[in-house]
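A lone chain, given as structure tokens: the form predicted alone.
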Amino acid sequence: MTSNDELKKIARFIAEYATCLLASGVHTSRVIRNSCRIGASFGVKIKMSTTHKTIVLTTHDRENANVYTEVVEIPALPINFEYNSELSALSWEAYDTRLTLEELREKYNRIISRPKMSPRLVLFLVGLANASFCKLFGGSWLAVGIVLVATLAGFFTRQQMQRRGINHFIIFTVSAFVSAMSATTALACDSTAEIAIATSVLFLIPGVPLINGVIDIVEGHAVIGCSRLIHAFLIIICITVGLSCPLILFKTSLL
């Protein structure tokens, strides 16, 4: 049997756990399954409703009929697949070994407090990945080098604007503009310029929201699925605007 105070603590932990997963790029049904699994380890039934910005979570103790509801906002976090795997594994550990709430909280804090990858290393790896796309699509080695520099410029701009808390859509528009503008130097070299300019903004494509949006709709979570798709399409529009401006200025024939 769970007291009201214990039920409240369980609900608050699961709400924090679920928002961390959703913000890190996990599709909704998996978040619900993991959260219900943790609730079951404490003998508590979980009901959850999600939107793009909030989670409404209700915990119900089956033995004494105590009910507690928590409404929390989903924070803005970068995509993190380590959270996806490790927090999912934590839910199974809680269910299999019947961890106490204190033990579960300690393991959770240990996972989310691990040092993040260096922003400079992320910047370099993203640049290499985007340059590889240029070569994969048939770009010359000179174009690959131009795309590498353009990606570094665009992604660095994105990192700095995110650090200052600038609007999400403005960040994508400006980052796409900086990358595409840098890639237009390929026009002077006549070195597969079209491929260089097109691939210079690929690092901005919102692949995870698009995939998760489709998965959510297919699995019956239409509200958050449509919200994710709309958000992804707005980002694509921002990328298009940022990419179009250099094309209009320097190569109208590409439009």
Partner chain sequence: MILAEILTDGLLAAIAGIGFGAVSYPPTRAFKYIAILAAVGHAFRYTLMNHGEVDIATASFFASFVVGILSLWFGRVSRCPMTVLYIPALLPMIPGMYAYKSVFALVMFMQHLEEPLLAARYLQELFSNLIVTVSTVFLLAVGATLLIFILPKRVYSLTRQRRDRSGRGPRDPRDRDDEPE
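Numbering follows the first chain given and starts at 1. For clarity, every value in this text was computed on a predicted model and none was experimentally measured.
Missing here is the form predicted together with its partner chain; even so, the following discussion is about that form.
In the predicted bound form, residue 72 stays away from its partner chain, with no heavy atom inside 4.5 Å.
In the predicted bound form, no heavy atom of residue 106 sits within 4.5 Å of its partner chain. Its partner chain in the predicted bound form is approached by residue 85, whose closest heavy atom lies within 4.5 angstroms of it. Contact between residue 48 and its partner chain in the predicted bound form is not found at the 4.5 Å heavy atom cutoff.
Checked against its partner chain in the predicted bound form, the residues 111, 142, 170, 89 give one hit for a heavy atom within 4.5 Å, which is 89. Residues 116, 117, 122, 125, 126, 128, 129, 130, 132, 133, 135, 136, 137 are the ones in 115-142 with at least one heavy atom within 4.5 Å of its partner chain in the predicted bound form, listed in sequence order.
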